[in-house]
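So this first bit is one chain, no partners, the form predicted on its own, shown in structure tokens.
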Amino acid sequence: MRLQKYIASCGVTSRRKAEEMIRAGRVKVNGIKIDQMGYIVNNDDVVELDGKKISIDEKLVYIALNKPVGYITSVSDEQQRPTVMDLLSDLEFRVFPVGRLDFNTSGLLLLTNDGQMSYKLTHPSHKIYKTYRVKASGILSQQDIERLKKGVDIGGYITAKAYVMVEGFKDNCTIVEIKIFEGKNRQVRRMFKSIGHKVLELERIAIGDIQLGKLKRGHYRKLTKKEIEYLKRL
């Protein structure tokens, strides 16, 4: 098995992040630092990350978390800010976040120790739609909605077509549901800024067919068998 795939399969991180760790010289196999892609790991090899031995977990775990605003989507944070892992302190298995949600964004976040599944969910070629509920300043016009649907310039990049539906209006604000499959940094906020409206609240309510539902803010649940089978079919 290639080293980056092995690291991902250990439930340490995604395959993409594993490649970064290898290049940074953080990985050793049988005591020898490996910093090149393509190294093949055999069954009897000892793999270390940052001096700690890692191995493939037999039990794969899939978690849905309702992330509150004010938490970093990371396993740790150098600035000692709260991370999503603080909300999983009673979980007996080691997991890592699949993708990211901004500090000021709430809602559905998946966590797992299945590196291959994480790679599948985050790679843009798979075009898995994420659904967000947006509270935007002002009253969006039909022209604004059509621009979002067709794609807008968010700073040298034209977004792909999006599904957009207005849910209602309140206190000179517009409540919008938007589905996108891209994952550019702060993309939804930048899309609305490009049409002249500020995002006041942002919540992710679905990833593909997996719904946030009535999961309480700051709480988590294990994915159902049906949801896991759906992910594996993607």
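Source: prediction; values computed, not measured. Each residue number is its position in the shown sequence, starting from 1.
Missing here is the form predicted in complex with a small molecule; even so, the following discussion is about that form.
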Look at the candidate spot formed by Leu101, Tyr132 and Leu202 and say whether the small molecule comes within 4.5 Å of a heavy atom in all three of them in the predicted bound form. yes
With a cut-off of 4.5 Å between heavy atoms, is Arg186 one of the residues that contacts the small molecule in the predicted bound form? yes
Heavy atoms within 4.5 Å of the small molecule in the predicted bound form: does Thr105 have any? yes
Residue stretch of 188-196, 33-41, 167-175, 47-55 approaching the small molecule in the predicted bound form, non-hydrogen atom distance within 4.5 Å: 188-196
